[in-house]
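Quick heads-up: it's one chain on its own, the form predicted on its own, in structure tokens.
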């Protein structure tokens, strides 16, 4: 990569519709500045996220994947975020097992009232991904 080309990580962010997606909206309407590297995907609940969604995001070229939902104990579906936390721990172990840096995957808890926190989570994640460079381990080869 030449000096003129600055690497900008591609992030896929799976956001709980009730909390983190609303926190993302609040960051936007509050005009809080944060990197535009994340592509948000709203899900009904983080507990509904299949591990295949994470693997597919990496396979399609994501440099990092974020899962963000309601704070523990505040899930609109009672225990969805507890289930998500258990599943995401297994994802972390799987990614590490297959050789993907664990810093490429992150989980956070952001409520609808935490726009500034959402912006900080994205900013921190992008900053942590930059030194890692592009994720090539799971990226599917592009056909010409």
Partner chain sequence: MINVQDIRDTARDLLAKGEVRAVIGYRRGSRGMLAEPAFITSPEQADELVWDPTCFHNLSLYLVHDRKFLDHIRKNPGAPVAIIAKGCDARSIVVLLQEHYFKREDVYIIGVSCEGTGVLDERKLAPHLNGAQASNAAFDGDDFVFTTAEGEKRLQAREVMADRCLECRIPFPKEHNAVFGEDKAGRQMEAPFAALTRFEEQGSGERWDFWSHHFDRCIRCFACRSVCPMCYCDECVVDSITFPVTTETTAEDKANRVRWIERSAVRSENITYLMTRAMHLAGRCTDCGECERACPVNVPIRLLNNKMEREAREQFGFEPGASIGGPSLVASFLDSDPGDFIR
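Numbering follows the first chain given and starts at 1. Bear in mind that the values here come from a model prediction, so they are computed numbers and not experimental data.
What comes next is about the form predicted together with its partner chain, which is not displayed.
Participant: Quick one: is residue 107 in contact with its partner chain in the model of the complex, heavy atoms, 4.5 Å cut-off?
Facilitator: Yes.
Participant: Do residue 116 and its partner chain come within 4.5 Å of each other in the model of the complex, heavy atoms counted?
Facilitator: Residue 116: no, not in contact with its partner chain in the model of the complex.
Participant: Using a 4.5 angstroms cut-off on non-hydrogen atoms, would residue 56 count as touching its partner chain in the model of the complex?
Facilitator: So residue 56 counts as contacting its partner chain.
Participant: Scan 89-124 and write down, in order along the chain, each residue with a heavy atom lying within 4.5 Å of its partner chain in the model of the complex.
Facilitator: 89, 90, 91, 92, 93, 94, 95, 96, 97, 98, 99, 106, 107, 108, 109, 117 sit within 4.5 Å of the partner.
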